[in-house]
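In structure tokens, the next block holds one chain alone, the form predicted alone.
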Amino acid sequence: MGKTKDSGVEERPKWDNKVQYLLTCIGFAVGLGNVWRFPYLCQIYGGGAFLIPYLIALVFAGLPLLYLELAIGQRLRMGSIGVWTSISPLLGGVGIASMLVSFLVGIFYNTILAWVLWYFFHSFQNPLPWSQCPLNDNLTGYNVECVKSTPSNYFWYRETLNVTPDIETSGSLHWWLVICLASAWFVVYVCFIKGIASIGKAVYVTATFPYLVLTVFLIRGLTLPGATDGLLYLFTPDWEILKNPQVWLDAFTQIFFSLSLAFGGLIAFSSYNPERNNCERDAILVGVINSATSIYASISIFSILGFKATTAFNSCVKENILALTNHFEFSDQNITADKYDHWVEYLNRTSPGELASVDLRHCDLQTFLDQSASGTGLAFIVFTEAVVEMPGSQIWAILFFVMLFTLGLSSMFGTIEGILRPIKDLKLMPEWMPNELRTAVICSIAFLTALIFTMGSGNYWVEVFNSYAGSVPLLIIAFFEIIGVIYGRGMKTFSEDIYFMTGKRPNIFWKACWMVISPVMLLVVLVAYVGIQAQTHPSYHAWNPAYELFPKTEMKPYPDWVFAIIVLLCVLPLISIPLVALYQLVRSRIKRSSALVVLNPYCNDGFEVEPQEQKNQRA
């Protein structure tokens, strides 16, 4: 990692090579959402039909905003606060808002990595601990809560989270989660200890290893029975679903958050580039690879989930065959899985009364495929159940959780950079403090703050932060970014900036997106999102063994005090935008007033002081 002087003021680090920079940006953009959010959206929104609004959102909103952030960071060679302050002092609060959002997102995001570490450590056991129910306290049978639900549900909610029945019951700190959380933050610190000098080396592993694992999973998944059913289910289009406005809203928010826009990390990373670098090509490359990764991960994941559904369907049929064989006293192997439907139809014609008395489960492959899950539900429950059914389950579990950890770790690099660079620009820490110590202080503060997520109610708070800390604030920040560059710095000046860096001016497509299409889309998505959220009181899924419909999760409304915290999470990061603008306006007015006083030709104060001093001397 070399260093370069920036305008003679400060030695600024730079990337060793272009590959380091691209891998870091790709690693920041490609995260856990590509693996467990995008496949879920494809599944519930008509499979292949969801790709239409998704690609429209990528072309007209995602790529233009990504290009804008990379270009302005590279041209001005500053972090987020420096960039927006140099464009206009009134926009200084935009950089502070990005820093606050990065901190709020970082503390819950790294908690997910702590959960991944917990599962990784347990993946070396044989059999896997989520493959069977533990014995009860009396050792006379299996744990009742586990039997009522499933072993994977029990290991997640009870063994890992030891979750409380609602968010108001905090519970105590769980030491095993505290240790995993401390380990996750220690890994982040070690990778970031030398800034981009160390993460530039780490991304060679963290940004590439997930693709290796996804490829291995894809090859293995395609050889499993039922993989074709999973892929057909994922990509069979349902065109009617495109009439639902929620589909378009989710497509735009997925693109926006998947590319990690408005966090400030991309601006900081691009500022370490040489001034003459083709940032347009970089933006297109990062954006296309990010979306292609989402589709690629979906194929890998759903080939295995198709296998899981087929296995569950076959188990269901076998149970029914056993029930029919015992009831009608058929000989073994008389009813086979291939002839099951034929036999049920035959018995329904010949002995409908007796058949009705047999307790048969409803076995439908489509029903098992419909059991969709997103986020932690997909990673820690559904996929772990699928891994158990695969030969050599320990190896697949280890690979899966290492992949999740490296995906999340590379995203944390951009999040931490979005915190550290603004702190340095604001001079919130002493100049004599080395970067290693600054990073240690920030990671320690983040770790202590994140301890709330290691309590019994921690999972509920992770959902609160995940749903609200990075939603409305990022949309508003992005809107101010695009308005600040195009109408603050000016389209003409920005075009000249790009010409200076790339050797060509932006074409009509980019200009149209920056000036009209992207801002309008951002406003529409923001208004629609706020409108949908305002229609209902926010609620959450609680794991409550006393719930009458258990093992289904109980839907509970958030208490008023939690709702107040949700509002704060949405509003608090944005307060800096009007406050800084107001401060700069007042400051400029005071400066203007003082300048008028100094330059006032009718002011005689200077002539009055001299005689007064002379009078005093004479006295």
Partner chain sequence: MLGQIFVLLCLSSAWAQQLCMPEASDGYKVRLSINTALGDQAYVWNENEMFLFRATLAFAMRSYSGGQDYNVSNIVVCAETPRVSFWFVVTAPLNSSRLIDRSDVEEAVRKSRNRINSAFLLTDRSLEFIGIPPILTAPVTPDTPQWLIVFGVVMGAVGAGIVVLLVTSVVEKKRKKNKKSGDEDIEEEPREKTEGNGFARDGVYNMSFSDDDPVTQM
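Owing to the predicted nature of the structure, the values given are computational and were not obtained by experimental measurement. Residue numbers count along the first chain shown, from 1.
Another form, the form predicted together with the partner chain, is not on view; read the next lines as being about it.
Proximity to the partner chain in the predicted complex, taken as heavy atoms within 4.5 Å, picks out 125-133 from the listed stretches 454-462, 163-171, 125-133, 490-498.
Contact check at 4.5 Å (heavy atoms) against the partner chain in the predicted complex: none of 227, 340 and 346 pass. 329 is the sole member of 431, 240, 548, 329 with a non-hydrogen atom within 4.5 Å of the partner chain in the predicted complex. When the partner chain is considered in the predicted complex, only one residue from 313, 248, 468, 120 comes within 4.5 Å through any heavy atom, namely 120. Contact annotation for residue 183: at least one heavy atom lies within 4.5 Å of the partner chain in the predicted complex. The partner chain is not drawn, but in the predicted complex it has a heavy atom within 4.5 Å of residue 140. Proximity of residue 144 to the partner chain in the predicted complex: non-hydrogen atoms within 4.5 Å are absent; the residue sits far from the partner. In the predicted complex, the partner chain sits beyond 4.5 Å of every heavy atom of residue 288. Contacts with the partner chain in the predicted complex, taken as any heavy atom within 4.5 Å, map within 182-204 to 183, 186, 187, 189, 190, 193, 194.
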